[in-house]
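The chain below stands alone and is given in structure tokens; this is the form predicted alone.
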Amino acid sequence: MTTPASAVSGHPTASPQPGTGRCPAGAGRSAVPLSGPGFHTEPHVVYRAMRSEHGPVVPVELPGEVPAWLVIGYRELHQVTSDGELFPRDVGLWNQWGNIPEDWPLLPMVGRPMPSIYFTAGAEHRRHAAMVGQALEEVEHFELRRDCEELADRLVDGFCERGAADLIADFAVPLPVLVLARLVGFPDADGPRIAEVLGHLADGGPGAQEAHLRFGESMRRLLAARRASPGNDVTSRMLAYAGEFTDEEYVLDLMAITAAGHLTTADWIGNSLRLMLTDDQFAVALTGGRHSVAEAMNEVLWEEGPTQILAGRWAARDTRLGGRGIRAGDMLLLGLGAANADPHIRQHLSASGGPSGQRGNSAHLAFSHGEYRCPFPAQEIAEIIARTGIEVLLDRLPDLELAVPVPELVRRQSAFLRGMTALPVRFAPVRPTGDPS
């Protein structure tokens, strides 16, 4: 569950100092704008062109002519994410703060210094990660699968008699948030409300700021409820952890866990279903080949990972990377999707078997790498939610087929996130699970 562009944001607890405003060396007219249809139609073509012209570290331009570096080389990205001292996730180091307006559209993704697992660095990050990691490690996987099956069945019951559905809106998007809401300790009745709030946050539209405030209030109420009456949930385990945290820290970490796990897991489900519905290599999954479900999900993490570009790291001092001069305070964006397609790593993987060379190989960077990567317990939780949900759907509706031609399927228009806006299907209508007739 890497932090997506829709990850929770908030007001800064410490105001960053205005930077020097220096552009990264080599940026300017040669910088590649991180926008345009190529990123959501044929991103690998865009990345190949970048690699051919600029090499493994690309000068890019964000909205508002904000400069940054996009790391698209597998080895270079591994180097950046392995060196937390030279390339910390410390947004306070950014040398562009003096040029960033309060309404900059990517501010929720980049973040501001705040006491949260996703926006702290060094020892403070490790303090939060230890608390969150322990709470997630204690999630019982058998119970989690049972919850996923129950909630997935409930969603399928909502459309199974129609003979048609949009698997994104009707299934892939609501399932992770319903499971995560139960996991952190919300009553089931609150699940749809949390799903609605996170939907507004993910859209990033006019309602995003109000949704953020509502999301925070929901987490504060949950925190108070679990402090008064602890249960077998993530929030209660965080409160019981042997460490001192403020209510603000608990709330921000809970918001981060839920928001970061929502859309990325939804896109993992949606992209995997799309692959199984459109690629003959994985069609066996639709007729009961459960091993093929796992293979399709792994293929998606290599080819169409939900998080394509992740912010970010900031250079602690002047250095060089991939032949580029990186200045202190420059922002480096992690090109996870591009790095997975790096021809150097693909050549190495080609001997591992499988049509794409990575069947069974999990050396992808879909969850990032290093100290700030998605915590392993969170990866396991996301995998259980996605795989269980897909298996329940295919068990219930084994004759699923696309309701539109493949070229009409539309991707989310983002360079940072890879997901479907809709996945219309048709199938033979079936009775709900609770229908005795």
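A residue's number is simply how far along the shown sequence it sits, counting from 1. Fair warning: this is a prediction, and the values are worked out from it, not measured in the lab.
Omitted here: the form predicted in complex with a small molecule. The next part is about that form.
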* Any idea which of 110 to 118, 95 to 103, 68 to 76, 274 to 282 reaches within 4.5 Å of the small molecule in the predicted bound form, heavy atoms considered? -> 110 to 118
* **Among the candidates H125, R145, H212, R327, the residue which, in the predicted bound form, approaches the small molecule to within 4.5 Å (heavy atoms)** => H125
* Structure fact -> From V57, L34, I381, L393: within 4.5 Å of the small molecule in the predicted bound form by heavy atoms is I381
* Hey, in the predicted bound form, is L336 touching the small molecule, heavy atoms inside 4.5 Å? -> yes
* Asked: Would F159 count as a contact of the small molecule in the predicted bound form, using a 4.5 angstroms cut-off between non-hydrogen atoms?
  -> no
* Is the gap between T388 and the small molecule in the predicted bound form 4.5 Å or less for some heavy atom pair? -> no
* Asked: Could you tell me if G261 has a non-hydrogen atom within 4.5 Å of the small molecule in the predicted bound form?
  -> yes
* **Site test, F171, E303 and A415 vs the small molecule in the predicted bound form, non-hydrogen atom cutoff 4.5 Å** => no
